[in-house]
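Only one chain is given next, in structure tokens, and it is the form predicted on its own.
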């Protein structure tokens, strides 16, 4: 069995996990949520093995490098980071229904990586700019942050749906009644943003060091760099407003969603719509 087949199994596990989590949200059956968690865990384990196998396959081809260098591999790694962070959060905070708002992100990433015609799934030699020891540090730190921000975006959506249901007098008789209390969702969103912000900051710093090594400058206002700092400022402003002005609730929920949209464009939109020094990551 090769890594591509294992990634296919991963996609199926994540899809089943998302389905069961949504069923938990709708039918409020705890056993259904347990099954969803089980598929998420199996998916992460299989995906971990697949990433390791793809790494080994690259060495067998004589071009050994970490599987983090193109759009296909980064999408796969994003799904892995998102799911792993969610599993950790579920065990720590016991907020199982959050999976209905997070696992679809992992499914979408894996499905697009597997089926989009414009995505190159082949293991290719590294371009000169990627031949650096900073590759792992930069990509891993950024994508841990991205995974956390995906969870925060899902939590923001959950908060707005819960609040809308309460306003409409449907707290008990609609699916929003199965969601955690607003204060709980707000607190989880805040903690998740802090976690993601720390890792994104580390990612930007390691990226600057890597840029200086590869191109002779720490910052060149490349489109990817520009949108990375825009994303950083969105989350920095969110945390600043929380700490200094006491913002919470819907404001933070909307900022979590806006922040993740910025993450999406930084990671995905820039690669396909804007050309720059990071264009090698678009295939």
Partner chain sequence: MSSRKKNPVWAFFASVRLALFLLFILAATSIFGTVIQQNQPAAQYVKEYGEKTAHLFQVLELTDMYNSWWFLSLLGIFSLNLIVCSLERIPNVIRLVKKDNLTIKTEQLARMKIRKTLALPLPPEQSVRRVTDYLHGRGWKTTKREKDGGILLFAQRGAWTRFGVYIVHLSILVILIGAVIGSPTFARKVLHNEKFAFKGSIMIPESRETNFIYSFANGKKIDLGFTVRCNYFTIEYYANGMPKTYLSKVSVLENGKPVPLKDGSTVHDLKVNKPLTYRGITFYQSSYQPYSDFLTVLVDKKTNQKENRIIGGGTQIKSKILPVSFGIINQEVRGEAVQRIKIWFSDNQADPAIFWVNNGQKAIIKRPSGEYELTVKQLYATGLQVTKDPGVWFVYVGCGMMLFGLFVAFFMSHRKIYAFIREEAGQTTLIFAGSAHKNKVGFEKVFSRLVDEFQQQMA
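Note that the coordinates shown come from a computational prediction; the quantities given were computed from them, not determined experimentally. Positions refer to the first chain, counted from 1.
From this point on, the text means the form predicted together with the partner chain, which you will not see here.
Item checked: in the predicted complex, the one of 45, 26, 56, 63 near the partner chain [non-hydrogen atom within 4.5 angstroms] -> Only one listed residue qualifies here, and that residue is 63.
Next item on the list: Work out which of 184, 194, 157, 84 lies within 4.5 Å of the partner chain in the predicted complex, going by heavy atoms.
Entry: If I apply the 4.5 Å criterion carefully, the residue I get is 194.
Next item on the list: Please run the contact check for residue 30 against the partner chain in the predicted complex: heavy atoms, 4.5 angstroms, yes or no?
Entry: Taking the distances in the predicted complex, the answer for residue 30 is no, it never comes within 4.5 Å of the partner chain.
Note to self: Within 4.5 Å, heavy atoms only: does residue 112 come near the partner chain in the predicted complex?
What the structure shows: Residue 112 lies outside the contact set for the partner chain.
Check: Taking heavy atoms only, is residue 34 within 4.5 angstroms of the partner chain in the predicted complex?
Finding: Contact with the partner chain, no.
Next item on the list: Classify residue 49 as contacting or not contacting the partner chain in the predicted complex by the rule of any non-hydrogen atom within 4.5 angstroms, answering yes or no.
Entry: Outside the cut-off, so no.
Note to self: Tell me which stretch of 99-107, 142-150, 205-213, 73-81 has a heavy atom within 4.5 angstroms of the partner chain in the predicted complex.
What the structure shows: It is 205-213 that comes within 4.5 Å of the partner.
Notebook entry, point to check: Among 221, 232 and 240, does every residue place a heavy atom within 4.5 Å of the partner chain in the predicted complex?
Noted result: Yes: each residue has a heavy atom within 4.5 Å of the partner.
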